[in-house]
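Next up: just one chain, as structure tokens, the form predicted alone.
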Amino acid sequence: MHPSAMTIAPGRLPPGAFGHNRGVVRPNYAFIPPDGVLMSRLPAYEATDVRFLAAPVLGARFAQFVLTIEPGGGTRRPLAEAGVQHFFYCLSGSATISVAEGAPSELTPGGFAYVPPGVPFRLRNAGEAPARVLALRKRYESVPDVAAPDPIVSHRDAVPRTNHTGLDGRSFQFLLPYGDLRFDFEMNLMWFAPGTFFPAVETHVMEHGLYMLEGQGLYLLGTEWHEIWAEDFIWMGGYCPQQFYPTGFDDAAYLLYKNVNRDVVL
């Protein structure tokens, strides 16, 4: 049983609270359960809490975090960062996003938005309940003769599931256009039916930010296996050996960031 599923009297801690910690930070990866991620605030937002999951201080070349936006909260004014792109994925509740001069669009659970580098946006909660939004910031890697991407506001239900591996039980949703060289990263929904798994231990140059959305499983990082549940986060640096094996009765799904479409820096 997961500790969070135990019935505990108010003010008491669950058994094992001090004897077991699932969180692990290594030089090339980090396994971060939500329990130990502390809350902070951002000057550009009002009535909003932020919990950082990955940042350069960890070793990542991007920042990933969860925003909890209270009703009436969000960005104080249009926000833009020169050379920095943003991605948002709604986890719960609802929020509205306006990109550049576009009209506000509602993000419900599964809704997402891509904001190109330097383009202003507003993210607000006009609803009556808090909205939880997974966010990512990354400095754009521009290349000659390749234009920056256009804004995207959509929902995962509008993105087809594909399976280019040919292996039963696995499917992919590419939330950003697959193979489009204007983008220097991907955000993909990875789906696993019970009993499926990676066909091999992957060891590659890409960096990852993984947020578990549904289900559970075992994740290999380096030489260690970790039990992963919904809301857990993993940062994987380049060349971190990795493999996933779902262990639940239902499908497992996670949202995966990875940097692609650019040459290595020498």
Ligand code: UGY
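Owing to the predicted nature of the structure, the values given are computational and were not obtained by experimental measurement. We number the residues from 1 along the sequence you see.
Not on display, but discussed next: the form predicted in complex with the ligand.
- Comparing 63 to 71, 35 to 43, 202 to 210, 225 to 233 against the ligand in the predicted bound form, the single stretch with non-hydrogen atoms within 4.5 angstroms of it is 202 to 210.
- Proximity to the ligand in the predicted bound form, taken as a non-hydrogen atom within 4.5 angstroms, holds for one residue of L181, M190, A129, A148, which is M190.
- A residue is said to contact a partner when one of its heavy atoms sits within 4.5 Å of a partner heavy atom; R22 fails this definition for the ligand in the predicted bound form, lying far away.
- None of the heavy atoms of A253 is located within 4.5 Å of the ligand in the predicted bound form.
- The closest non-hydrogen atom of F198 lies within 4.5 Å of the ligand in the predicted bound form.
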